[in-house]
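The chain below stands alone and is given as structure tokens, in the form predicted on its own.
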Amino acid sequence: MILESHKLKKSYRDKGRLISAVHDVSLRIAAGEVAAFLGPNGAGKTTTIKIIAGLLRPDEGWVRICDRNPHKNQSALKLLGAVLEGNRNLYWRLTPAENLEYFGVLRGLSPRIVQQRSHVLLERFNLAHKAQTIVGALSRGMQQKVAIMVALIHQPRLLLLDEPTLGLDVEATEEVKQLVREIASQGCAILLTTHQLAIAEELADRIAIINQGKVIMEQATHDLIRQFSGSAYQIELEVSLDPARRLKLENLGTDIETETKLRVSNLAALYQVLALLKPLPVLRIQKEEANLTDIFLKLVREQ
């Protein structure tokens, strides 16, 4: 296991009151796994991330990165890479090559190793042609890729990614998503925080939702989606229903939403409905499936 946090607790005092920011937060991420850590503003995400990154000490509980405690063993931090504020991690007056050199040496790498790894990263991220362009002159998407490269220069086992696609256009978003998949496929564990829930649903193997300082749900993404999905099917026709078919379908309990759209909530009746529709042309048959946004809002509002 690359990351383990166990029953983390952290409280603050504000005007004489004790405020619990994090309460009993436990997380586990394996090598090659992408875990999305989601929650509304003020839920405790940032506090948890700072504890994992060794920036805050928990009041109770512990963190292990490859079995090392980042609060007691500084070597644990060498196994960690982070993009916590997007492109603000970079020096904008330096080039990508200079940023990689600076941060690589800062993390204890020799200039020769930094040069070798920088070359590989610049080629891999398709930025070799921009290696000597100052970061401030690069596009937002390129800046984000440089920030991720800087986080990877020392080859961490755990990567913390905060809003990696925020503010990017469609093309840059797709490029960053592909990079996240590639990084995970090479064995790096990734903890992803984002308010873009569609991105989390697409990239994450596991979802952890935190609210009011507590993890209220942690589950494999596909299991979570399946748990909240119904068994109904949506059917869309190319032509309008005739009155005779409409009556027969209603007698089977089919919901007629429009002249061309039906909803079959009784799975046992699905094939009867399809038989009644024959030979009308069908455009689409799709099982209703929950999405992460709906699940997130439901869980947070219920709590």
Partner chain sequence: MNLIWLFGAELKRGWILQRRYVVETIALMIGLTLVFCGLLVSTQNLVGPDVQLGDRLDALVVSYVLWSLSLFIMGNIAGELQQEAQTGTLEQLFLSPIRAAQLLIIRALANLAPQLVINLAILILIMAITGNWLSFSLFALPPLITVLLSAYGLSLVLGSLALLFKKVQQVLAVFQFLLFFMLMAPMETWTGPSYLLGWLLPITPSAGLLRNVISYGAPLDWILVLLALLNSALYLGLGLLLFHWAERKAKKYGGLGGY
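If you're wondering where the values come from, they're calculated on a predicted model, not measured in any experiment. Positions refer to the first chain, counted from 1. Definition used throughout: the rigid core is the maximal C-alpha set that superposes within 1.5 Å between two forms.
Same protein, other form: the form predicted together with the partner chain, not shown, and the subject of what follows.
Shown here without its partner, the chain carries 37, 63 and 67, none of which come within 4.5 Å of the partner chain in the predicted bound form through any heavy atom.
This chain is drawn without the partner chain; in the predicted bound form, the residue among 149, 168, 90, 210 with a heavy atom within 4.5 Å of it is 90. This chain is displayed alone, yet in the predicted bound form one of 31, 27, 276, 53 has a heavy atom within 4.5 Å of the partner chain; that residue is 53. Although the partner is absent here, residue 111 sits close enough that one of its heavy atoms falls within 4.5 Å of the partner chain in the predicted bound form.
Taking the partner from the other structure, the partner chain in the predicted bound form has a heavy atom within 4.5 Å of a heavy atom of residue 101. Residue 232 falls outside the set of residues with a heavy atom inside 4.5 Å of the partner chain in the predicted bound form. Using a 4.5 angstroms limit between non-hydrogen atoms, residue 84 touches the partner chain in the predicted bound form.
Look at 53-61, 37-45, 243-251, 261-269: in the predicted bound form, residues with non-hydrogen atoms within 4.5 angstroms of the partner chain sit in 53-61. In the predicted bound form, the partner chain lies within 4.5 angstroms of a heavy atom of only one residue of 61-76, namely 74. Once both forms are fitted on their rigid core, the CA atom of residue 226 lies less than 2 Å apart between the shown form and the other one. With the core held fixed, the Cα of residue 94 is displaced between the shown form and the other one by 2 Å or more. Once both forms are fitted on their rigid core, the CA atom of residue 143 lies 2 Å or more apart between the shown form and the other one.
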